[in-house]
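As a starting point, one isolated chain is supplied in structure tokens, in the form predicted alone.
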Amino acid sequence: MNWTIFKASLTLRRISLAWYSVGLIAYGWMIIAFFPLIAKNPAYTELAQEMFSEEMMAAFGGAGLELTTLGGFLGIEYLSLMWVLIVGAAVIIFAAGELAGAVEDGTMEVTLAQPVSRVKVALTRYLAMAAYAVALCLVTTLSLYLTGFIHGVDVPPDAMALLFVVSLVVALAIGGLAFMISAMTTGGGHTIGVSFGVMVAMYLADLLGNLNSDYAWLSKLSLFHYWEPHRIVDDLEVAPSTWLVFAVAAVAFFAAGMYAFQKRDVV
């Protein structure tokens, strides 16, 4: 690991980190502050359940969830879909600039002209992305817990600790995908486009699988299928398949990206 490259990568993105953090705090605050209105007003809950069709619930990643529990409410309104999009965008854009973007603007050639190996450069930039993901996941869980404390909502600290760990593995799986694509392509725009294309394809596969039992098998091909934040918040449980799928994806994408970067031309 090269500390100079590591610090430079994070310093260049300190503004984006600040803005993403503000967005996560504001979103989490709004959702937690609104939850007591749902919990104390059964009539509103019944009205919302009548308004939200099965298709709409599935579109927001809330298929089979209940608005009346904190985990279900957070899953429908925030964590199942919107959080994935926000944090996914953050780590994808970060990874896109670290390898493919640096090759495109010529800074990678300059970096490798220094007495530093390709392995160390790629590893350091991946670790910088991982640190970025850690910060975003920490902001997510801390903001939910502190906002719950302020608004009198029981947000279990042990559930938030577990949510932090699992959300980090999810973020590293998405970031690892972008890192791998970044190592194979030239230009940050290509990495962003392909990464988001894969994310959209997985979202649509999960949506179709939830809406039509004939295509239920498609859901199993999507990372969205294995992300179940409501179980963490409500039951303090994580399915073994969640650990397996996201951990394997994170490691495999990282390894493939490291290998690809060693073989590619950076000029």
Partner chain sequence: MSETVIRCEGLTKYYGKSRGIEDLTFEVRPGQVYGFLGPNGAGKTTTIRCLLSMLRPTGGKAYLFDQEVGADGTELRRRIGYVAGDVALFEKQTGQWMIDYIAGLRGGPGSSTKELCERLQFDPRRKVKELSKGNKQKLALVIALMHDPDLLILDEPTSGLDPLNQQVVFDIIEERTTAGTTLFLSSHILSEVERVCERVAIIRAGTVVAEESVETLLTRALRTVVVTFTEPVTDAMIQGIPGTTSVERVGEYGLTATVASDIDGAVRAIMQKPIKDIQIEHASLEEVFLQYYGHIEGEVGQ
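Residue numbers count along the first chain shown, from 1. On a predicted model such as this, the values are computed, not experimentally measured, just so you know.
Form predicted together with its partner chain: not shown, discussed below.
Trainee: Is its partner chain in the predicted complex near all of 21, 30 and 147, within 4.5 Å of a heavy atom of each?
Mentor: The answer is no; none of 21, 30 and 147 reaches its partner chain.
Trainee: To test your reading of this chain, name the stretch in 184-192, 151-159, 99-107, 77-85 whose heavy atoms come within 4.5 Å of its partner chain in the predicted complex.
Mentor: Result of the contact check: 99-107.
Trainee: Is there any non-hydrogen atom of residue 134 lying within 4.5 Å of its partner chain in the predicted complex?
Mentor: No, residue 134 stays farther than 4.5 Å from its partner chain in the predicted complex.
Trainee: With the partner left out of view, is residue 252 within 4.5 angstroms of its partner chain in the predicted complex by any non-hydrogen atom?
Mentor: Result no; residue 252 lies far from its partner chain in the predicted complex.
Trainee: With the partner left out here, check for me: in the predicted complex, does some heavy atom of residue 127 sit within 4.5 Å of its partner chain?
Mentor: Looking in the predicted complex, residue contacts with its partner chain do not include residue 127, since no heavy atom lies within 4.5 Å.
Trainee: Is there a heavy atom of residue 142 no more than 4.5 Å from a heavy atom of its partner chain in the predicted complex?
Mentor: Taking the distances in the predicted complex, the answer for residue 142 is no, it never comes within 4.5 Å of its partner chain.
Trainee: Is any part of 87-116 within 4.5 angstroms of its partner chain in the predicted complex by a non-hydrogen atom, and which residues would that be?
Mentor: Residues within 4.5 Å: 105, 106, 107, 109, 110, 111, 112, 113, 114, 115, 116.
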